[in-house]
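Before any questions on how it binds or moves, here is one chain, the form predicted on its own, in structure tokens.
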């Protein structure tokens, strides 16, 4: 489903990734690990065409992503949900409106939005807070909104960049359990983290990008 083949990535001639090779099968749960600055975030960004490799190939469903035309990139991103490390929620929009935004961008409106957003908010146990604004929520609740937003379009793949970076262990377990519940329904998950406790909670295959 996903393949990194001899991928190198450099910025101003400084390499953050060297000869990265791995594959991810449909329905897998994968941890990408390595120390800060190892290129975990860059690796995830390549999968949504926010970054391109300096050398090598990144493939999704057989397509080399660096060869995509700009007009095709939005269609790729509808298949891949991304949970950012800093949430990236819009403070002037309610929980419901934040989650609905991706559907609106895709041209979906009306009752379909109401149905899909309501269902995903119930799945992450935040439906009762649908009319609240992000800054009134706890860190764990904000992260659940970010996960709901990433999953509302039912993507084939969920990418999560340090999704529990600023959360306590109990809240981190809740987040991992939510992500695993969607993985159990068939969503492929790639989660970047340097947190060994989180990896132990997930009990999934680990790819150390400093050793791949």
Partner chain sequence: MISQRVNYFINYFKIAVLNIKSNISGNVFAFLIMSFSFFIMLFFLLCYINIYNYMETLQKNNVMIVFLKNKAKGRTAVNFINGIEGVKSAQYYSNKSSMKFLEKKVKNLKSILKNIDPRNLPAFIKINFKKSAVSNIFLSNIYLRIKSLKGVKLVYYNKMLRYKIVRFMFFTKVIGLVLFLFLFILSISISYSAIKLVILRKQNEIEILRLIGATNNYIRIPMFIEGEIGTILSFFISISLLFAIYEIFIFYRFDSFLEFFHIKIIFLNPPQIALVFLIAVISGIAGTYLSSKKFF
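What you see is a predicted model, and the numbers here were worked out from it, not measured in a lab. Numbering follows the first chain given and starts at 1.
A second form of this protein, the form predicted together with its partner chain, is not displayed here; the remarks below concern that form.
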**Prompt:** Among 78, 90 and 97, does every residue place a heavy atom within 4.5 Å of its partner chain in the model of the complex?
**Reply:** yes
**Message:** Can you tell me whether residue 61 touches its partner chain? I mean in the model of the complex, with a 4.5 angstroms heavy atom cut-off.
**Reply:** no
**Message:** Considering non-hydrogen atoms and a 4.5 Å limit, does its partner chain approach residue 153 in the model of the complex?
**Reply:** yes
**its partner chain contact in the model of the complex: residue 174, any heavy atom under 4.5 Å** = no
**Asked** Any of the heavy atoms of residue 157 lying within 4.5 Å of its partner chain in the model of the complex?
**Response** no
**Message:** If the cut-off is 4.5 angstroms on heavy atoms, which of these, 30, 167, 178, 48, is the one near its partner chain in the model of the complex?
**Reply:** 48
**Asked** Heavy atoms within 4.5 Å of its partner chain in the model of the complex: which stretch among 48-56, 35-43, 22-30, 178-186?
**Response** 48-56
**Prompt:** If you look in the model of the complex, which residues in 109-134 sit within 4.5 Å of its partner chain (heavy atoms)?
**Reply:** 109
